[in-house]
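In structure tokens, the next block holds one chain alone, the form predicted alone.
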């Protein structure tokens, strides 16, 4: 599914200096894996996730997604591929507060050109799939933190992604609700979805099938 070869990324700073966020990442993620990325703040986890999610390009090395070298795609190519193949789950949910749960979920489908009626039907089905039957018309302000994250997961699944990227998906939840969200992610993985999750919680990391430790822009052995 994913193959990274010597990935490098440097962000420019003032006076011509640069901060090297990734210093030669070699990584393979197989189809159907559930992997957790851990490491201290500033180690390069988020940069790696942004590149894998086609939100950014590396400065050096190669990134192959399903056998295609996407590391040199332009913005339009990355945007199109991202819409069709990658789902994102965020720590802060990133839901539109004035939209209902169903409206939040169907939005990615509308961007892709799915007819409104079909998108609405699929959105309600996805909300049921993540345990939110009867909550489709509620806005995020009318939902608990755990319910909001379930909406976020349903939205991430809207366009049938082959890869789900979760950035601290339980970071804003209490421990019990966080475990419920992890159970949901594991069930999605058991159904065949490839998941890469960034987390500071080592207990949650151990619940994934594999742990990848990042430090100073490199993967630790």
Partner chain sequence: MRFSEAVRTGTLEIFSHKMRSFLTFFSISIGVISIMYSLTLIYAMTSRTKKALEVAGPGRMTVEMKRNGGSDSALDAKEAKSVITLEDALAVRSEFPGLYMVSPGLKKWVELSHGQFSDEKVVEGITTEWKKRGWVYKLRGRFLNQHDLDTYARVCVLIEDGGWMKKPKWYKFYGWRDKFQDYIKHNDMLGQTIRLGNNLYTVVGILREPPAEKNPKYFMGVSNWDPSLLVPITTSQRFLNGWAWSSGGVDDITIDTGKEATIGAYKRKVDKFIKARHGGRIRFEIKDYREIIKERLADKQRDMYTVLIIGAIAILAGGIGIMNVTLATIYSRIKEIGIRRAIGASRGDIMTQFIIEAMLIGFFGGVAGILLGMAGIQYLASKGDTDMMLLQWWMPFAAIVVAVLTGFLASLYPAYQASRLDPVEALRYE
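Residue numbers count along the first chain shown, from 1. Keep in mind it's a predicted model, so treat the numbers as computed, not measured.
Omitted from view is the form predicted together with the partner chain, to which the following refers.
Within 4.5 Å of the partner chain in the model of the complex, a heavy atom is found for not a single one of 59, 67 and 72. Residues of just one listed stretch (30-38, 173-181, 187-195, 50-58) have heavy atoms within 4.5 Å of the partner chain in the model of the complex: 50-58. The partner chain is not shown here, but in the model of the complex it comes within 4.5 Å of a heavy atom of residue 108. The partner chain is not drawn, but in the model of the complex it has a heavy atom within 4.5 Å of residue 82. Contact annotation for residue 155: at least one heavy atom lies within 4.5 Å of the partner chain in the model of the complex.
Of the heavy atoms in residue 133, none are within 4.5 Å of the partner chain in the model of the complex. The partner is not shown here, but in the model of the complex the stretch 110-128 reaches within 4.5 angstroms of the partner chain through a heavy atom at 110, 111, 113, 114, 115, 116.
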